[in-house]
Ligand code: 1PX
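Take a look at this one chain, the form predicted alone, written out in structure tokens.
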């Protein structure tokens, strides 16, 4: 478990952030998306070093997006939709794969977007799991359905080894920090559909603008 109290994961915080993530007309607020991801990083870190290869990358991507939010063009980055429009209009995205703008907001968020799908699939498996189900199997299946296709062989192999070291289901439920198992399942039942909706809205936006394969 992480040492300091402010680094302690709580599933309710992630739920709250993703509840705030969508505007009335279903635009995705980058500020709350980042806050939700900060909570998910705490979740990864609270399980030890096995997810370090994902959480370290997520932390660096979060910081890039925060820098954009705090920049003179910050208002253009208020939502994922406004960010995509601004960066495409101003040719700040490497759509032609020429190696320009390696830290564009669109590319940065795409990396978090892909990892979000993995966590969504894993958390849904946890929600519907039985007491003796293996978290290593759940996590590997979720990874193979999502992030694995974007990782080179070396990373996929390391991830596969890391999943074997995962703690059992009771430890995961304890880490959620929201009470007994039935309470964890109930909150996951609220959080996972929200994460899924944010993911799908982003996926459709990126698909529409041909941004899903940014190098």
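It should be emphasised that the depicted structure is a prediction, and the values quoted were computed from it without experimental measurement. Positions refer to the first chain, counted from 1.
What comes next is about the form predicted in complex with the named molecule, which is not displayed.
**Student:** Check for me: heavy atom within 4.5 Å of the named molecule in the model of the complex, for each of 84, 94 and 199, yes or no.
**Tutor:** No: none of 84, 94 and 199 comes within 4.5 Å of the named molecule in the model of the complex.
**Student:** Counting only non-hydrogen atoms and a 4.5 angstroms cut-off, does residue 53 reach the named molecule in the model of the complex?
**Tutor:** Although the named molecule is absent here, residue 53 would touch it in the model of the complex, with heavy atoms inside 4.5 Å.
**Student:** Flag residue 9 as yes or no: does it have a non-hydrogen atom within 4.5 angstroms of any non-hydrogen atom of the named molecule in the model of the complex?
**Tutor:** Within the cut-off, so yes.
**Student:** Does any heavy atom of residue 155 come within 4.5 Å of a heavy atom of the named molecule in the model of the complex?
**Tutor:** Close contact exists here: in the model of the complex, residue 155 approaches the named molecule to within 4.5 Å, heavy atoms only.
**Student:** Would residue 33 sit within 4.5 Å of the named molecule in the model of the complex, counting heavy atoms only?
**Tutor:** No.
**Student:** Taking the named molecule as it sits in the model of the complex, which residues of 56-78 have a non-hydrogen atom within 4.5 Å of it? Please list them.
**Tutor:** Result: 57, 58, 61.
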